[in-house]
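What follows is one chain in structure tokens, specifically the form predicted alone.
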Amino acid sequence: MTNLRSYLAADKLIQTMATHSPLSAKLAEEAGFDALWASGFELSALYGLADVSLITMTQHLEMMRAIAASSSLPIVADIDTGFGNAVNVVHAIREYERAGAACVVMEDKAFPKVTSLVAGGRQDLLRIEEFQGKIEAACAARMSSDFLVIARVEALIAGLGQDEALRRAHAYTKAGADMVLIHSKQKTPDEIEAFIAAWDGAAPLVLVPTAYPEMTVDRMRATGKVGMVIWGNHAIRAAVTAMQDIFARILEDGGIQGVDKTIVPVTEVFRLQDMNAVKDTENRFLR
């Protein structure tokens, strides 16, 4: 597994794809991404639940362990608000590091959180000092210095403006955060690019350009300040799009004759399931 800190030392823009299952993790690795985003939003959607702190740490850890077992890519774990106060954060960091995460992202919202991009959602933030304590707790709890702690700033999401976002980002860096994720729900990159231009901190920035898709990799690299991009929910959205289309066509066509050649053959699923390895094991040991 590649060390994320070594990527940063090489000034590489780490492209991180969201995942919600071992299968989506395998597909992301085969596509050529650098890292995986163990997304709370995607896992919530997989369970058919709203992303409002309903998925437990146990559920998320179980899926993350399964993802880690299926892929060699470093995993950036979305731990929302850290599952509680600084005491909970210490426990969470130890568990996620043991489970195979290379990094965690923790946001400065109050628990229970509401997903950032929903229209009219409640976006309550912690006091800066309280979140600094959570960042310090996370850094103190990690076993390896290669394990990264990313502070996610939600001030722009909450409508508190650039000055507050910058104040929080500097405070969290001072508390020990290795990187700062600055989030926005504006439909253009203007707000984010204004933050980037004003950012004079040492920590590299992390972007999640879900709401502002015009923010391309080339534009991020040109800033010289962005160390990671997270493509935050495209795996689950792609899966939903494909299933809605195929399900509707089967009903419209009265059968699978129209869709069968437009989807992968069963042999491709077998490949992703490592069925050849199963057959080899059977040939070797079943007598």
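Since we're looking at a predicted model, the values are computed, not measured. All residue numbers refer to positions in the sequence shown, first residue = 1.
Not pictured, yet referred to below: the form predicted in complex with a small molecule.
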## Note on the structure
Within 4.5 Å of the small molecule in the predicted bound form, heavy atom basis, the matching stretch of 248 to 256, 32 to 40, 219 to 227, 66 to 74 is 32 to 40
### Query
With the small molecule left out of view, which of Leu117, Leu126, Leu156, Cys139 would have a heavy atom within 4.5 Å of it in the predicted bound form?
Leu117
### Summary
In this chain shown alone, the residue from Ala177, Val208, Val104, Ala92 with a heavy atom within 4.5 Å of the small molecule in the predicted bound form is Val208
### Query
Judged by heavy atoms and a 4.5 Å cut-off, are Asp51, His183 and Gly232 together in contact with the small molecule in the predicted bound form?
yes
### Query
Is there a heavy atom of Asp108 lying 4.5 Å or less from a heavy atom of the small molecule in the predicted bound form?
no
### Task
Determine whether any heavy atom of Arg152 comes within 4.5 Å of a heavy atom of the small molecule in the predicted bound form, and answer yes or no.
yes
